[in-house]
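As structure tokens, one chain now follows by itself in the form predicted alone.
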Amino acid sequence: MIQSALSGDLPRSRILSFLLLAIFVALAFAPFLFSGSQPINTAAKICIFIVLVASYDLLLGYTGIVSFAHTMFFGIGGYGVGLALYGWGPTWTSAGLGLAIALVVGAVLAFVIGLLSLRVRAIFYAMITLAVASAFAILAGQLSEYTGGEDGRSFRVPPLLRPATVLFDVPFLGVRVDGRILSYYLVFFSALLLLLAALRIVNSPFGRVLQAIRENDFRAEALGYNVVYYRTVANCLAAGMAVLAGAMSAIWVRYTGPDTTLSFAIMLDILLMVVIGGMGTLYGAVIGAALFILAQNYLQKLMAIASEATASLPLIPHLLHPDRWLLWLGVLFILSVYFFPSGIVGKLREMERGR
């Protein structure tokens, strides 16, 4: 049953299986295992970025396409749902219409970009997508009458998803089940279904063709496959997943703006997560997103504790000061690339084969 759910693509490593199971259990029961708002916010962000990173890995890892426009589709999803809820009222109909419009806009843009750009070689395509994404971000910032400009838009979600809504009078496992927890599980199960759908895609005949194109597009074309067609479809599928991730983010945060969806820093984070987890393996999206988001949220606190514990030593407390967390995050990334060139998932599978 598990093999069928995973489309036959098993982890193929006992350590990887344990890590994936631990992440799944932690995310599935996060509202009941951890107290406070930060842990559940961190868990929701991990779920959202698992979808976003998996969608980008469909392009980079499975098709060999380097795109810098992925946050544009993420932003389209966030703005589509957010502006619909802001302008048409906090109803499920508004959210559904906004999501449908965002999916159509994202698919059309991905199709046009694919047709116009995928005929060129890798670096030129990357530059074109970067230009399109930058133009979209500038446009979103300047159309302040509609998008809220640089300040973005805050909005209300449907009543069922609001923290004031209590679903059960009796607490479940000691926790009051309210609209905020329901919002979390909406994000969690959406992420789970999208990840399983992505696994189905990459392990289908279509996914095998994408991998063949990644390895040698000339040979794939010589075998009779229309490379531009397959790349364009992959671009549209990845864009659709990114749009859905943006919608999930908007519903959870109840805000949409350039910094939360369209920032180039998010694009760099996605690249780091793909590389850390392992390109060409969707399990890498789970591992990479979980490790990176946890480091973003808790590395500063750990460094503060370490700095206080080594206060009597020379130099070390200054190196471990919380303000230098980005420096150490960069060091951790360099070490992970050096010791795990094929990503954590690739390394764990190599270790399992070597036994």
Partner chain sequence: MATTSSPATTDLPRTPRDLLPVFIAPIIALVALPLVGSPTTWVTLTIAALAMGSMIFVIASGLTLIFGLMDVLNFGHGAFIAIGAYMAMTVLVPLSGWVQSDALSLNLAALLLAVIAAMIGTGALGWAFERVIVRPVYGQHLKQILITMGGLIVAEQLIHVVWGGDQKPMPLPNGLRGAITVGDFALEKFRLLAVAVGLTVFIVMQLVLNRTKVGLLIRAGVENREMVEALGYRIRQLFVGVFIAGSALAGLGGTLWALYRETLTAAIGGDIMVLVFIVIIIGGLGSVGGCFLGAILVALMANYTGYLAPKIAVASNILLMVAILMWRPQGLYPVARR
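Positions refer to the first chain, counted from 1. Heads up, when I say rigid core I mean the largest set of C-alphas that superpose within 1.5 Å between the two forms. All of these numbers come straight from a predicted model, not from anything done at the bench.
FYI, the form predicted in complex with the partner chain isn't displayed, but the following is about it.
A heavy atom within 4.5 Å of the partner chain in the predicted bound form is found for exactly one of A222, I123, V170, L173: I123. Taking a 4.5 Å heavy atom cutoff to the partner chain in the predicted bound form, the contact residue among L302, A26, A309, V66 is V66. Looking at 125-133, 239-247, 184-192, 156-164, the stretch with residues near the partner chain in the predicted bound form, meaning non-hydrogen atoms within 4.5 angstroms, turns out to be 125-133. Among residues of the shown chain, L271 is one whose heavy atoms approach the partner chain to within 4.5 Å in the predicted bound form. Within this chain, I40 is remote from the site of the partner chain in the predicted bound form, having no heavy atom within 4.5 Å. Looking at F18, you'd find every heavy atom of it more than 4.5 angstroms from the partner chain in the predicted bound form. Contact check for F264: a heavy atom falls within 4.5 Å of the partner chain in the predicted bound form.
Here the marked residues G36, I201 and E215 all miss the partner chain in the predicted bound form; none has a heavy atom within 4.5 angstroms. Taking a 4.5 Å heavy atom cutoff to the partner chain in the predicted bound form, the contacting residues in 318-342 are H318, L319, D323, R324, L326, L327, G330, V331, F333, I334, V337, Y338, P341. Positional change of I40 between this form and the one not shown stays under 2 Å at the C-alpha, relative to the superposed core. In the core-superposed comparison between this form and the one not shown, V331 has its Cα shifted by at least 2 Å.
In contrast to the form presented, in the predicted bound form the C-alpha positions of A22 and F339 spread farther apart by 3 Å or more. In the predicted bound form, the separation between the C-alpha atoms of F34 and L332 grows by 3 Å or more relative to the displayed form.
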